[in-house]
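Okay, so here's just one chain, in structure tokens, the form predicted on its own.
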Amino acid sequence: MTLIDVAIVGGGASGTTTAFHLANRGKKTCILEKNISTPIKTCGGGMSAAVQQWFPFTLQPIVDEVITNVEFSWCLTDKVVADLSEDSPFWIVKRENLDSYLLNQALNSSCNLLTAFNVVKIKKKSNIWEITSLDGRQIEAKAIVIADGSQSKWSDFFNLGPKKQNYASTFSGRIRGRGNVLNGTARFEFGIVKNGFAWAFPLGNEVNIGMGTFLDSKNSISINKILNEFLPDLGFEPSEVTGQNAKLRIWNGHSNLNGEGILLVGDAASLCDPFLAEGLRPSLMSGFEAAKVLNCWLDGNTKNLDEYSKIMKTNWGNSMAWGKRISQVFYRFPKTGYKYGIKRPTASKRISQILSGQMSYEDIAKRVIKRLLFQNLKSQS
């Protein structure tokens, strides 16, 4: 059996990003993907144009819409609009197109791909990882990257990531046509989803429709009820949408994302934003940073992979710690949050800048939390 440098479990955005940057540096890399082809993925597909910094090739070919305005509403009224035209734009992509595009870049850099490789066993023998698929195929590697998403069982198996997983209940789908959704405008609706929000992202000749709830993932979302309210406001009939439910891991505290020769990236690492459910930017960031640390380790320039967890804590986790606190306050008192948070002259702009990667929650959190708690107490007195 040929020994490779890195085996990557999962061929999504984070896994293919990691694979490209490793293969591009000459490392023997293989993606282990349980599917035969890239499936349709109806998730929101929103990401900051700032993600371009992590790639030496342009991502423009798979960008379906450039968002220059973000519209917020409360119960379909009381709308405010933030202009992103002077900031880093927000891109909307079809996830299956992004994944395929990144996979092709990795394959063109001499990364290998094994499909229908459903990993059922991972064990380490004498510092070498042995990965076994359901059909009995095996591969050996010096390092392993877990990149198989929110349903991954391997983070708990290897005692990596948050000690307790926190999930958002989500629904995401697509509708053909544009309804009355304006070009370059993303919509966030905060009033009709308990403990969460609904969204509408233009996507070429389609619109991505979704919703998520963040404080009580044990209860299901009233999908049909919300669609019956939300879609007519967008110029669609509720029956026109097709989509799927999902449990999405969200950030739940600083945690160790690496072990000896093993790393977690993307949703498997529970990196998703706990307030606005942004998942693509941390997925691509983690893939880039994981590959950078792995390259140093494989070259013998560092003794372990601990730097990866430190980098992700600094570059992402510190902001998400404040994002979680904002989420806990905002979604408990959403009407107050919308009135004294989103509707403030600068607030919608700040949210847009967070989505575009220009600001972090840390920059605004203390003021926002203090203001929301004060206004809620004031309204109750």
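Numbering starts at 1 and follows the sequence shown. Computed from a prediction, not measured in an experiment: that's the story for all the values here.
Below, we refer to the form predicted in complex with a small molecule, which is not included among the displayed structures.
The stretch from 331-339, 22-30, 61-69, 36-44 that comes within 4.5 Å of the small molecule in the predicted bound form, counting heavy atoms only, is 36-44. Contact with the small molecule in the predicted bound form, defined as a heavy atom within 4.5 Å, holds for exactly one of 305, 277, 231, 221, namely 277. Screening 236, 129, 171, 297 for any heavy atom within 4.5 Å of the small molecule in the predicted bound form leaves a single hit, 171.
Contact between residue 201 and the small molecule in the predicted bound form is found at the 4.5 Å heavy atom cutoff. Although the partner is absent here, residue 187 lies well away from the small molecule in the predicted bound form, with no heavy atom inside 4.5 Å. Shown alone here, residue 119 lies within 4.5 Å of the small molecule in the predicted bound form, counting heavy atoms only. At a distance threshold of 4.5 angstroms between non-hydrogen atoms, residue 289 is out of contact with the small molecule in the predicted bound form. At a distance of at most 4.5 angstroms from the small molecule in the predicted bound form, none of the three residues 196, 327 and 354 contributes a non-hydrogen atom.
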